[in-house]
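Single chain ahead, written as structure tokens, the form predicted on its own.
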Amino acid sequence: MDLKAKTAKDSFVVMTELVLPNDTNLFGNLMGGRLMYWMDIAAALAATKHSNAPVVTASVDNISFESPIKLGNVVHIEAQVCRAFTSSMEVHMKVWGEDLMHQFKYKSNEAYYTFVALDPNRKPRSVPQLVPETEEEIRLYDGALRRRQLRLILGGKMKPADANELKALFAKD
């Protein structure tokens, strides 16, 4: 099994969808659940590219919608792994809406999904480490440990007292 470290760009995926009538709510906006479904697919593709293994969704972080995406607009979902742990990977996504008629592209939201790579027996398997290269990749990589600790605390898998990365944000010297 090749666990040579990879870069974020090695896992980069752009998924594009057209917002059709069955994707929208009564206001003509893309339904949040449909967008989350598309985001899950894009993030899974990025995680699979990084791990070269089947993956399952482990968590979805808070998703805040900045701008609605309208009927007839295009959705662009950019996904890439921003940090790899033992068997899990955090995937960062940026979602853009695009009005092709008015040639206007706008940000809809950002989110983080976590995936676990599986071996042939459907048990967690090791994944390659990630080497950040750009300033943004380093920022996302550094923040991933805090986000992971917060997810573990909220999921009841870590005690707040053990979250050293989070304590450093709030502790006064």
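As the structure is a prediction and not an experimental result, all values here were calculated from the model. Numbers for residues come from their place in the sequence shown, where the first is 1.
In what follows, reference is made to the form predicted in complex with a further copy of the same chain, a form of this protein that is not presented.
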Would Q129 show up as a contact with a further copy of the same chain in the model of the complex if we use heavy atoms at 4.5 Å?
no
Answer yes if any heavy atom of D119 is within 4.5 Å of a heavy atom of a further copy of the same chain in the model of the complex; otherwise answer no.
yes
Partner contact for Y106 in the model of the complex: a further copy of the same chain, 4.5 angstroms, heavy atom
no
Verify the contact flag for A58: yes if a non-hydrogen atom of it lies within 4.5 Å of a non-hydrogen atom of a further copy of the same chain in the model of the complex, no if not.
yes
Can you tell me which bits of 81-102 touch a further copy of the same chain in the model of the complex, meaning any heavy atom within 4.5 Å?
L100, M101
